[in-house]
Structures are given as C-alpha cells and as structure tokens.
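Just the one chain here, laid out as structure tokens, in the form predicted alone.
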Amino acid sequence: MLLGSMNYNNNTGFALTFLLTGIGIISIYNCHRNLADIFLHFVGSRSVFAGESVHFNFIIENQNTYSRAQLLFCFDGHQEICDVLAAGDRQPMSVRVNSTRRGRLNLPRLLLATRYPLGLFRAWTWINMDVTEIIYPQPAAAAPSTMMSHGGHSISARHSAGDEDFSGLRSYHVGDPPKRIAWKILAHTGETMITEYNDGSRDPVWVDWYDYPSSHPEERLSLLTRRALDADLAGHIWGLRMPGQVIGADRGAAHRHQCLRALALYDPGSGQLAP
C-alpha cells in the first residue's frame, strides 16, 4: 500500500497506510498490556477417585486500574475463557483435569494467552505451579462384607443390639413392637419406619490388606477402597492394615482421607507408600 501510494502520489493511500500501521502498533501495545500484571492464586482442589475429574481452583486477580478482556487459559487441549476482568476485580477460575489412575496427579502446565483487542497479535505466558492432588483408587462395585475386629473375630457391625443409643432407621417388619415405630416420620411421609438402638459397645472394624491374598494388588486396593467407604458410610469406627503401615481405628472425614491416601500411594513393588 505504501509503494502504491508513493507510485501514484495518492494522499488518501498514504493516510490509509499510516492509519492501519498505527492501529497495528497500538494493537501490539494493548495486547501485551492486557496480559501484564495479572495475578493467579491457587486456592485448592479436592481428591477424587480414579476416572473422575479433579477441579484445580484459582483466583485470577486484576490489581491494575484498567479492565482486561478475552483471557484464555489453555491446558492439555482444553481452554477456559475469562471474558471481562474489571479493574481491581477477582474472579474464580477452575481447571478440570481428568484422572486415569490412582496416585498423585500433577497440575499440567498452563498457558495464559490473549488476542485482545483485534485478534491480530497474540501475547502469552506459561504458568508452572508445583501443585499435586491425591487420586484415590477406584472403588470396587462390591466387596465381601466380612470385616475383622481388633481381636481377629469376624463381625458385621460395630454395635450389638440394645436400648441405649439411637442407631438408625429401618423398614417395618411384622411383629415389630409399636413403641419402636417412628411416628413423626409416619405422620409426615406415610412410611412406617422402625427406630433401632444399640448398647454403646464399640468394636473397631478393620479394613485389612491380607483379607485378599489371592487378588492382584490393584484389585486389592479397589476392594479395600470399597470396604473403607462402606465402613465410613455406616458410621463404624474403623482402621486400615497395610504392609508396613497400620492406621488406627477412628472415623470422620480426616480419617477417611488418611486411609484412602495410604491406599492411593501404596507401591506394590516396594510394599510402601510412594514418595
């Protein structure tokens, strides 16, 4: 365009040439400025089971006095878009990464890029964060219900029947005493339920690696994961026995995570937790 304008001495051509050149130079500046001084804060993630997706959660922050637009997060062939980030604003951003096997899952390298304002140029930066999440073994569909108490005797429940502590509800069976009927539930739902109680005795339930001597290590881990989840869901006080490690009987979310983490990081080759 410049050569044509010079050849024909065309002032309109000169004006158009310099206008487009100026727009291009301004686009380069604004494309870089749109990405500069963006802060990305990792705020956590949650362990999942193998085959599920991990959500790595971030806060993207604009500490400058002008707004940003068209910010792209790219990772492993996927991308998330932040259309507008106002001046001084903070927005949540989640990166979803699929898991395929148990163990540790590293956050992939992230690419933060923009083509703002006209799409003529692209500014980018790579983000490497030392972030990992624990992937639990995939639980088996079902596992044998026999669990071992501390003394090694097979048990099926933590409590024996009694009349002291409320244990739960079950469906009505013919012959159940009327005093055990949950009358409030019957009045609200029309369903006849029986309240059950126990005598408060506590026999810990053990999820034991050696209960499945003939199973493949990964199959063992899957079965133990299912048994651990069943024990936790039933409200048992339970513990985990693994080669080289015993986690004492307890219950609650922290105990469940500790045991599932041990199962996730177990190395069959060394018989220890993976580093």
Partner chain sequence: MTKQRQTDLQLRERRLETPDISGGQLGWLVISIVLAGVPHILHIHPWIPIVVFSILVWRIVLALMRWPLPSAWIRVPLTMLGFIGVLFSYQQLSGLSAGSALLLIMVAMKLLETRGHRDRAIVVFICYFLLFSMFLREQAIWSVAYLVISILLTTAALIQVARIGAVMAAPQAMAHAMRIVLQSLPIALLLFLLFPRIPGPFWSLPNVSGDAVAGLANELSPGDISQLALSDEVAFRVRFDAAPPGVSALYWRGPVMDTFDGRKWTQRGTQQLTTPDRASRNGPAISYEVALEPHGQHWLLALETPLNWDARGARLTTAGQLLSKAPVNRRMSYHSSSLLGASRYQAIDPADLNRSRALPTSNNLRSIVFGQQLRSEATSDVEYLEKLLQYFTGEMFYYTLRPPSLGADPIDEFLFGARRGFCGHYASAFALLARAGGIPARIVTGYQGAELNPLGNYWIVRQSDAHAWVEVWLDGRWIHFDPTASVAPDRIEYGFDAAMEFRNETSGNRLADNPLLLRLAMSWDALNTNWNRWILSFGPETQTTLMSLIGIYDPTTEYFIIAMVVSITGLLILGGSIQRYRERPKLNRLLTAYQRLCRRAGKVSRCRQPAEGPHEYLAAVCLQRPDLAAELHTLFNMYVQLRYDGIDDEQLRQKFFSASRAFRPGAD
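Residue numbers count along the first chain shown, from 1. Here the structure is a predicted model, which means the values were calculated and not measured.
One more form of this protein exists, namely the form predicted together with its partner chain; it is left out here, but the text below deals with it.
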Would you mind picking out the stretch of 27 to 35, 221 to 229, 48 to 56, 239 to 247 that comes within 4.5 angstroms of its partner chain in the predicted complex, counting non-hydrogen atoms?
-> 27 to 35
Although its partner chain is absent from this view, report whether I181 comes within 4.5 Å of it in the predicted complex, heavy atoms only.
-> no
Might R122 be said to contact its partner chain in the predicted complex, defining contact as any heavy atom within 4.5 Å?
-> yes
With the partner left out of view, is I81 within 4.5 angstroms of its partner chain in the predicted complex by any non-hydrogen atom?
-> yes
Answer yes if any heavy atom of P117 is within 4.5 Å of a heavy atom of its partner chain in the predicted complex; otherwise answer no.
-> yes
Partner-contacting position among L85, M93, I135, A113 - heavy atom within 4.5 Å of its partner chain in the predicted complex = A113
Which residues within 64 to 95 place at least one heavy atom within 4.5 Å of its partner chain in the predicted complex?
-> N64, T65, Y66, Q70, L72, C74, F75, D76, G77, H78, Q79, I81, D83
